[in-house]
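One chain is shown next in structure tokens, namely the form predicted on its own.
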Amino acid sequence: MLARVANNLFWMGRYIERSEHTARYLNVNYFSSLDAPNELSQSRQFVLQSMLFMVGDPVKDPSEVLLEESVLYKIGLDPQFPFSIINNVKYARENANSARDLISTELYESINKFYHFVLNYPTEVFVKNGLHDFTVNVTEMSSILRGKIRGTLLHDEIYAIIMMGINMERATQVIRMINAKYHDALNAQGSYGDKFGNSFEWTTLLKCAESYDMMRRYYKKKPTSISTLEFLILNPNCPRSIMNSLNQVYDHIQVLDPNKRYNKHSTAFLVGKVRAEYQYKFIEEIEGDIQNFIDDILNRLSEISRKMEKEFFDY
């Protein structure tokens, strides 16, 4: 297939995943704050600042008073904000249009339905009382799209490219969530023992990543900073973890690049190197300098994306 078409498939997968994570972060962050155990975590301004930080538009002046309706509109339905949910869905559909003959009718119809739902959602309803309805529908429709990808496409190169995009974006979005909640936990400390480690924000983070129930079953205890970060970064069996996403990306690259010869300049080599490094990390190594580790992962993921683009999509 043409490199341009492969690039469209890759970014279609990324935009679908990005819209879901943004929607879930809005939903969980907003509604979990209503049950937060301390005053700062319940603060509307604190929640709105966290939302903007997550989507890459942090508030420069902490004393600035944010308007709830403006922030929700900007992240949800603002066509002028490049990282809004409506733009992510629009870009996903545009990329699907460009590769229409390579994807299934069922998948395309679901993407089209998703697009028209978001496009026609009334702005005044969304910013007033429609946040829950809108974000739940976005996350459910994104899950349906992943089901259509797995269930209606041959598991060949086309499938591998789309899934590579989905897993690259999942790793990126989860680490962005970790970064946002790490900052929130520093500001909204817990009320007992290790105030940072026992912050309510770690529970919120797990719910944002749809991993709270999994984590409780695995550790059989209340989330702390250490157990949450270990689960979302290093646990290969957690489908939302960085480690799991890297494993998936590596497997799909093998389909596109079955060359068994040693090539230190290939994307497969770089992904394998990063994956091996995290595979043998202890969470205690990360605990001492969480911020540097987060920045390092984001840089590594960007490096993999650039290498991937150069090798597979840039001709």
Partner chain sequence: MQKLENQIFSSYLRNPSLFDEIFDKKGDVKAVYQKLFDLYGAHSIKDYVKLNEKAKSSFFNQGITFQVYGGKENQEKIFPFDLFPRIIDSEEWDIIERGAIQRSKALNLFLWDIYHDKRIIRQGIVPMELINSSANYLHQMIGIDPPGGIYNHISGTDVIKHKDGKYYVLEDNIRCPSGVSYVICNRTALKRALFGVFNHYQTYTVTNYAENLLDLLETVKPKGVDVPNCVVITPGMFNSAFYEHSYLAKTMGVELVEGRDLFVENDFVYMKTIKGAEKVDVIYRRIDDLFIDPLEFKPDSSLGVPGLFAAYKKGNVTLANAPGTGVADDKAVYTYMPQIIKYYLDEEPILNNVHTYHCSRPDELKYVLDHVHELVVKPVDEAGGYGISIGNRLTKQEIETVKAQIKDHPRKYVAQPIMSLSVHPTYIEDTESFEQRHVDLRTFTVLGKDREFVLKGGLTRVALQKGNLIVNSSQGGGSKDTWVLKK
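Bear in mind that the values here come from a model prediction, so they are computed numbers and not experimental data. Positions refer to the first chain, counted from 1.
The same protein also has a form predicted together with the partner chain, omitted here; what follows describes it.
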- Residue among 256, 290, 52, 283 with a heavy atom within 4.5 Å of the partner chain in the predicted bound form: 256
- Message: Just to confirm, with a 4.5 Å cut-off on non-hydrogen atoms, which of 159, 83, 219, 108 contacts the partner chain in the predicted bound form?
- Response: 108
- Query: Of 124 to 132, 90 to 98, 226 to 234, 176 to 184, which is the one stretch near the partner chain in the predicted bound form, taking non-hydrogen atoms within 4.5 angstroms as near?
  - Reply: 90 to 98
- Query: Can any non-hydrogen atom of residue 115 be found within 4.5 angstroms of the partner chain in the predicted bound form?
  - Reply: yes
- Item | Contact of residue 119 with the partner chain in the predicted bound form (heavy atom, 4.5 Å) | yes
- Task: Using a 4.5 Å heavy atom cut-off, state whether residue 103 contacts the partner chain in the predicted bound form.
- Result: yes
